[in-house]
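We give structure tokens for two forms of one protein chain below, kept apart as structure 1 and structure 2.
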Structure 1
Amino acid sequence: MSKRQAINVFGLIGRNVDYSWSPLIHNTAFQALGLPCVYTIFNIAAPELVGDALNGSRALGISGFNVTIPYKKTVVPFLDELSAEAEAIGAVNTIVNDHGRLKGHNTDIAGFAAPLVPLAERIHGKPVCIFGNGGAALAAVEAFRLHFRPSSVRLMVRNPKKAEAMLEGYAHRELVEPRLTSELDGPSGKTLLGECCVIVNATPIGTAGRDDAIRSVVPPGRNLLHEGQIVYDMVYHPLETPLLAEARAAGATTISGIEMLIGQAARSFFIWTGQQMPVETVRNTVLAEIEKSGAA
């Protein structure tokens, strides 16, 4: 990239997100393809500032954003247009600035679906289970509905009121069956999970550095996982969480959150640049960094 060339600026909108791997992912891809682009982090301290930030980006000509916790819904009223996916779940993780017109997309849905595509036949017509009732859980619900047609989605939550709030305004509410995580401690726990062909963790439990880093969403010592299941943890740090370690020991197929992380990033990259992300180069770079940080 020439030092005299104008640079297209992209960035991540979030709060306290200096830990993010997104700059590494996108800058590796820009460099590999020789694109005059750079990706940085925009920590926004409070929701009241999000509108100013987006309006400023129109004036400055910032090319695009990713959006993460806690602003995926906050950005919506400040955008000019939404993709069908973003509209379906009322959340945006990617914005493209087309000459001052901001369009919001949601690539978490396709990014979540990507590693499940080769396993699609195992999912069709069967129940699946998702732990969590945040934005990532809703993206997974929509991904299952759009791409895999399960018979139902069991949403494992601590608080049914929060599950109802998450599903408010979601057009396909009938697919989702909220269940309490406490049920897993009782006699029905084994069938509740055992009948599901996919089990997804869409909570931060198991993330390195947290108090619950050594925990799993599945209660220990009860053999609730089994061979033939697909266990998918959205947590990507560490690569093998306690949930995935237990699933591997039970003979289940495991999917690390790194696949979703790269999957959603590749789709954002395509929306911004019209080019395919060099996924293998990016994956190797991220894996090397994770190994260096001691969290593999």
Structure 2
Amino acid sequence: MSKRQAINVFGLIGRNVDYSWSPLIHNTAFQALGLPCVYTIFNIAAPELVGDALNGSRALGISGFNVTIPYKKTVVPFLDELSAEAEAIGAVNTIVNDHGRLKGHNTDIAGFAAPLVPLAERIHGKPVCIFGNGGAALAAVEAFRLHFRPSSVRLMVRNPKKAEAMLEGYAHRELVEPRLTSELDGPSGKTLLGECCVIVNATPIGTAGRDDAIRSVVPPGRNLLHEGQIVYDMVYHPLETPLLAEARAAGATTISGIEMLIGQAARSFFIWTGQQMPVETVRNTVLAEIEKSGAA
């Protein structure tokens, strides 16, 4: 890359997300392909600042963004256009700046689905369970609907109003069965979770550095997980969360959030650049860095 060449700037919009591996992922890919691009983090302290940030990106010519917790829905009113996937769930995790016109995409759907594809036959016609009430949870619902055809999606939430807010405007809400996490503490908890062939954590619980880093979304000591289940944690820092450790001990198949992270990043990368991300190079670089940092 020439030192005089203009550099395209991309970044991650979120709050307190300095732990993210996204800069390493995208900068590794840019460097591998020799693209004049750089990726950084934009921490936005409060939702009321999101509009100002996006308007500023138009003026500054920032090329694009990923969007993470808690702003995947917050950004939507400030965009000029949405892709079909983003429109379907009302949440955006990828933004393209096309000469001042901002278009929102959702690559979480494809990224979430990717590691489950080899297991699709185990999922068809059976109930699945998702913990969470935000954009990532809804992306998982849509991914299950589009690619895996479960009999139902049990949405585990602490507050039913948040479940209703998440599902507002979603065209396929008949697939979703909101349930309270408090039910897991009762006699029906084992059946409620045990019948599900896939259990997904779409909350930040278990993320390193948080107050709830040592917690799992599944109540401890109840033996609610079992062999034959697929347990998928969207949290990727650390690679093995408390939920995944419990699932592995129970004999379940486990999927780390790093798989979704790289999957959705590869799709974002293609949307921004028109080129395929060198996924194996990226994966090897990220795993080596995680091992070096002790984050695994």
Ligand code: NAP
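Along the sequence of structure 1, residues get numbers from 1 upward. Take the two forms, superpose them, and find the largest set of C-alpha atoms that agree within 1.5 Å; that set is the rigid core. Everything quoted here is computed from the prediction, not taken from an experiment.
Engineer: Eyeball the pair and call it: which is the form predicted on its own?
Structural biologist: It is the second structure that is the form predicted on its own.
Engineer: Could you let me know the angle, in degrees, that the smaller of the two rigid parts turns against the larger between structure 1 and structure 2?
Structural biologist: So the smaller rigid part is rotated by 12 degrees.
Engineer: What does the CA of residue 72 shift by between structure 1 and structure 2 after fitting on the core? Give it in Å to one decimal.
Structural biologist: Its alpha carbon moves by 2.3 Å.
Engineer: Where the core is superposed, what shift in Å does the CA of residue 44 undergo between structure 1 and structure 2?
Structural biologist: A shift of 4.3 Å at the C-alpha.
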